[in-house]
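Below sits a lone chain in structure tokens, taken as the form predicted on its own.
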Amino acid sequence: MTPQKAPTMKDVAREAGVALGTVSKVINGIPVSERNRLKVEQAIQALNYEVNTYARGLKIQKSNLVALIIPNTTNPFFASFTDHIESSLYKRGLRLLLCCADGIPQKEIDYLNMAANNKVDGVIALTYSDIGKHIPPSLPMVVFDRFFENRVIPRVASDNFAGGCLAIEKLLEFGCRHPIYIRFHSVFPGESDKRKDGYLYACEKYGLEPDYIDEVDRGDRLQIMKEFLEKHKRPDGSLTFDGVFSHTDYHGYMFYRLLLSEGYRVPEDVQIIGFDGIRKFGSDDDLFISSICQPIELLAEKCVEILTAMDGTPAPCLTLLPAQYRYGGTTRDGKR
């Protein structure tokens, strides 16, 4: 059986009874008479004609595609961010090209090269690689959280410093007297580093002795947590701390599971607040742990808003959005 050929613009023109140039104008949004526009649209629908977005982009230097570079989609935060980016682009008539780089710098560079070759209109990046020198100056780009020492790229982030202060203030409000901080971080600088600054500022403000894990993120993080826990046990088995602020929900949840395995109660013995606001099964309310929640939908919307407004005019260097505390079962406030 011979496969049926996809309809062409010539087929649409023949079906509509108009010139080929008229079909091209309708597809590219150039005004034509209302009568001819309707005839072309009806022919497109009747033939099930699909516009070749890439070929069109080569002619008008615009593909209506935006590349999103993220580490992966297995992390719930990245997955949720991707979902909101796609929705924000779609309502603007744009499409998403998803690029999962797995933290491999060369993959990110390859995606940037693809973008620079006019196959996408811009890039939104959530990256943990040192790719600043590989970003073409002419490429419209917005980054989430990261900044590059050798490039000024508009970036969007939560107010991580205020969020770090808020976490400690909440733990104190709920009765903690010695909150610790757990951080496993990227080797590359980013706005999230300010969560530690917020913790240290709150400790100084409220007369607390700083006590924390601060390590580069790697595979032995659980062992590091176990060693930290052992060092903070008193002879009777009780702990020298009663609250935990975790740099991320993921690491906070790991520590929560460790505490339970060691026979400690959460939140009765130790209260935990994470950072991110990761939700189970995409639910609006069901958090893994109590958390300083990033406004993921608003952050995604702001990234797209800034990217699509780039027309040669300067974009803001840094846009910060407020994060909020939400109960997730690991604190004693009992408020949902």
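Only a predicted model underlies this, so the values are computations on that prediction, with no experimental measurement involved. Take the two forms, find the largest set of C-alpha atoms that superpose within 1.5 Å, and that set is the rigid core. Note that residue numbering follows the sequence shown and begins at 1.
Heads up, the form predicted together with another copy of the chain isn't pictured, but that's what we're talking about next.
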Another copy of the chain contact at residue 226 in the predicted bound form, heavy atom, 4.5 Å = no
Though only this chain appears here, would residue 110 touch another copy of the chain in the predicted bound form if you measure heavy atom gaps against 4.5 Å?
-> yes
Should residue 95 be counted as a contact of another copy of the chain in the predicted bound form, where contact means heavy atoms within 4.5 Å?
-> yes
Might residue 173 be said to contact another copy of the chain in the predicted bound form, defining contact as any heavy atom within 4.5 Å?
-> no
Proximity to another copy of the chain in the predicted bound form (heavy atom, within 4.5 Å), stretch among 195-203, 175-183, 227-235, 248-256 | 248-256
Can you pick the one in 43, 65, 26, 270 that has a heavy atom within 4.5 Å of another copy of the chain in the predicted bound form?
-> 65
Select from the listed residues 266, 135, 100, 208 the one whose heavy atoms reach within 4.5 Å of another copy of the chain in the predicted bound form.
-> 100
Check, residue by residue, if 154, 301 and 325 all come within 4.5 Å of another copy of the chain in the predicted bound form, counting heavy atoms only.
-> no
In the predicted bound form, which residues of 192-215 put a heavy atom within 4.5 Å of another copy of the chain?
-> none
Is there a C-alpha shift of 2 Å or more at residue 18 between this form and the one not shown once the rigid core is superposed?
-> yes
